[in-house]
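Only one chain is given next, in structure tokens, and it is the form predicted on its own.
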């Protein structure tokens, strides 16, 4: 009798079950996959960096006796009224339409309680958001949905969106099931019909025209409001340089881990660069123009905790922005709704359901009954707590590195665990003084 052990069949790495499932879905439907959230593939990220705490060569600060400041001022270049924030963590633009009115209110409440700003997103400004946001940034997008001069003046800053991390070069989507009468009225759209935003602004074709548009926005707002330019993580050096030359006060840089309400899965996973790869080229552009710290840099895309914040600041950012993490803090994708997520064909933590309009948590929906599940006051408190924890974590790391302000963190405080992270962040591989591409090597 042959007792030779049986060799188990090996599954293909190239044609995995997940890949094969998508091929079958595409073959059956003839349409590409649309989903929300950000990239799911593993790319080099902040986890691949470590801080070098102080010992003898650097002197740490006492946590409860020595101050470590976290304040940041945004828009100091030209604006008469820069944004003054207590913490270097802001809330990214997420539209009313994508999010419920209760969610927008909760974001305003939580951000204001923590001493920071929130951002409107595509689709215009709601009274709930404006009424509960101490500092509100108004997004000016290619769609122009809900845009009007009065709301531009009501805002505390204006963010001209040229690109987004999840879909650089692509426009936004809002599926018809989320376009209620109120959303339709704000966007001048028919109720219940899928909407796709333009991928480029209709009144400029290049950086020279962008400069004219920025001047127009400054004239409308009396030169009071800071003007942000938001770019996706595609060509961060050149895009940052052109934004600065066009007259931006602030550059917002969004890497591929940034989320979205809805776009093609192929965009989310295959267009743009990791956040970690984008920061140093953008900082280099600012330094080459003599504008680092004069034009502020906000980094977004996959920020989850105070360590991520500290690492982004150490690499040269002035602040960070969070979107997905803020929604989770409000209560989205909570395991208590697992059975209902499964009914949608999703699961807790998949973040595939945001475009469907049936979010059980009441956050990414316009359904009146589901919206009632989100208490904006309680959700705002959760967001405030989360922002406070992130800030304390960032302070703790800064003190351990001997810094009296989180902006004093620097690349010399970091090392990398992988060759890829070392090359992207331009910090030494752990245990060496070398990184790939280092001048002189």
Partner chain sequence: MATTELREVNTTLQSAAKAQVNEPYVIVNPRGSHAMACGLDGPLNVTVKGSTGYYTAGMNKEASITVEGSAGPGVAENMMSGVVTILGDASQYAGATGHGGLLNIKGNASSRCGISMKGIDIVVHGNIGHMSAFMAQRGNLVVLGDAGDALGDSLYEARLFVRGTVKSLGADCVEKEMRAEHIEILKELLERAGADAKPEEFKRYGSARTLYNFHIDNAASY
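The structure presented is a predicted model; accordingly, all values stated were derived computationally and were not measured. Residue numbers count along the first chain shown, from 1.
Below, we turn to the form predicted in complex with its partner chain, even though it does not appear here.
Proximity to its partner chain in the predicted bound form, defined as a heavy atom within 4.5 Å, holds among 355, 280, 167, 187 only for 187. With the partner removed from view, the residue among 205, 287, 342, 127 that has a non-hydrogen atom within 4.5 Å of its partner chain in the predicted bound form turns out to be 205. Contact annotation for the candidate site: 145, 196 and 223 all lie close to its partner chain in the predicted bound form (heavy atom within 4.5 Å). Residue contact with its partner chain in the predicted bound form: residue 149 places a heavy atom within 4.5 Å of it. Using a 4.5 angstroms threshold between heavy atoms, residue 269 stays clear of its partner chain in the predicted bound form. In the predicted bound form, none of the heavy atoms of residue 377 sits within 4.5 Å of a heavy atom of its partner chain. Within 4.5 Å of any heavy atom of its partner chain in the predicted bound form lies no heavy atom of residue 336. Segments offered: 360 to 368, 102 to 110, 188 to 196, 317 to 325. Contacting its partner chain in the predicted bound form at heavy atom distances within 4.5 Å is 188 to 196. Residues 209, 212, 213, 215, 216, 217, 219, 220, 222, 223 are the ones in 208 to 234 with at least one heavy atom within 4.5 Å of its partner chain in the predicted bound form, listed in sequence order.
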